[in-house]
Every structure is written in structure tokens, then in C-alpha cells.
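Just one chain follows, in the form predicted alone, and it is written as C-alpha cells.
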């Protein structure tokens, strides 16, 4: 199918997905709330913008981001690149250090640019009166995603079970939650959700599938998915850890001030 035909098919599919949302909102406004729709022309224009934006975004994913992620995984795992010794069919886990570094870098960069995270961080700074810094929160979440995706690629390379990492990770989260300041707990849990959005998910998914397709002995269906779970879990640990360290430093500074 030619590119215009693919774009038209994506547009129709997007329209089919958006119509129930519009019908629900308009239906509740007219039938339940029983009030006229305010600024109908502006709302209609907004829906058109959303429709066009999502269509172009989905088409862009298929044309650029998914192929790019898979290509990087193939190139970084190429036997010629990782220099596997003659007669060795399966490389050891430490032969894929560039894969881990790329995964960590792409996780950090895409999360830092994630629009949903930026919006949450700005709101958190506003509501907390500056007690929570937007940039500090974004950096903490980005570091968490970076570490999580790097660990997730290590899991794919080694073929270890996904549930082991998830169980241990949530045990750490539960322990942190008990000792973390109450004001940050909800925000920390939400931070794990906002990382799995428009910018991060396509590249991370493509990276996982590409890696599982090129590493010997791995199955894309069994091993290729799961990186998003790491990208959701480890930001929670990072944000809780960030606030716990900040609180500890604050208490230490107050104690030092009293002793003086």
C-alpha cells in the first residue's frame, strides 16, 4: 500500500477510536448534566487537531521510531560489532555492554523529554510551593527509567525470568513506602505511570523486540516484552529514594545547626 493509502487507513482507524470518547463526553454533557456544550466550534476544532495529531504520530511510529529502535538493537548485537570469538555461538552477558549503555541513555533521554512527566512535575512544584523541584523530579524519574531499561535489556540477554525482577522491585517499593514522606508517595507511584507514554514506549518496545530477535536463543514473544514494566517500576524506587535522601540531608543539616 502506498504512503497516502497507509495514512488514510491510519486516519480512519484513529477516527474509529476517538469517536467513542467524543460520544461519551457529549452524551454525558447533554443527557446527564443537561447543559449546552460551551464553545462547540472550539471543541470541534480541538477534536480535529487531536485526530490529525494522533494519525501523524502513529504513522511516524511505523515509519521511523519502531524501525530505528529495532535497527539499533540489531547493529549493537551484530557478532562483528561485539567481536565474538571464533567458534563461540552465544556471547556472554558482558559482551553486550554497549546495548546496556544505549538502553540506559535512550531511557534517560526519552523520559526527560516526556510531555506527561513535564506536566506532572510542573504541577507538583506548584502544589508543593517549591518543596518539590520540577527538574529534580524529572531527573529522578529519568534515572529510574534509565536504570530499569538497562536492567531489562540485561534480562533479555541473559534470559532470566521477568517475575523475579518485578517481585524484588515491588518488595523494595513496599519497604520504601513505609519509610517515605507521605506527601510524596502518591506522586512517586504516579511517576511510574507517566513514563510509559508517547515518547518512551515506542522506542523502548522496539528496542526490546529488536534485541530479543537478534540475541541467540531468545524469543521475541516471550523475551521481547517487559521493558515497559521496568520503565514503570524503577521510577517509583528512584523518586522515593530521591525524597528520602533529601529528607535525610535536611534532618542532618538541622541537627548540625542545633549543635552549633
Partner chain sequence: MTPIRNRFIRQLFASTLDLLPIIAVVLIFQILVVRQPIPDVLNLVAGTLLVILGLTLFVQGLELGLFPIGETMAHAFARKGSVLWLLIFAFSLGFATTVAEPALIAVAGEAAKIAAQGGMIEASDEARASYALGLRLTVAFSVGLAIVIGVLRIIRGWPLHYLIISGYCGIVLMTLFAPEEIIGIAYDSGGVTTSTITVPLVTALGVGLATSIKGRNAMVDGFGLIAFASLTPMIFVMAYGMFI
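Positions refer to the first chain, counted from 1. It should be emphasised that the depicted structure is a prediction, and the values quoted were computed from it without experimental measurement.
Just so you know, the form predicted together with its partner chain exists too; it's not on screen, but the next bit is about it.
Remark: none of the three candidate residues (8, 143 and 215) comes within 4.5 Å of its partner chain in the model of the complex, counting heavy atoms only. Taking the partner from the other structure, its partner chain in the model of the complex has no heavy atom within 4.5 Å of any heavy atom of residue 247. At the 4.5 Å threshold, heavy atoms of residue 65 reach its partner chain in the model of the complex. At the 4.5 Å threshold, heavy atoms of residue 110 reach its partner chain in the model of the complex. Residue contact check for residue 134: none of its heavy atoms lie within 4.5 Å of its partner chain in the model of the complex. Contacts of stretch 41 to 58 with its partner chain in the model of the complex, defined by any heavy atom lying within 4.5 Å, are made by 42, 43, 46, 47, 49, 50, 52, 53, 54, 56, 57, listed in sequence order. In the model of the complex, the separation between the C-alpha atoms of residue 56 and residue 211 grows by 3 Å or more relative to the displayed form. Relative to what is shown, residue 116 and residue 51 are closer in the model of the complex; their C-alpha atoms differ in spacing by at least 3 Å.
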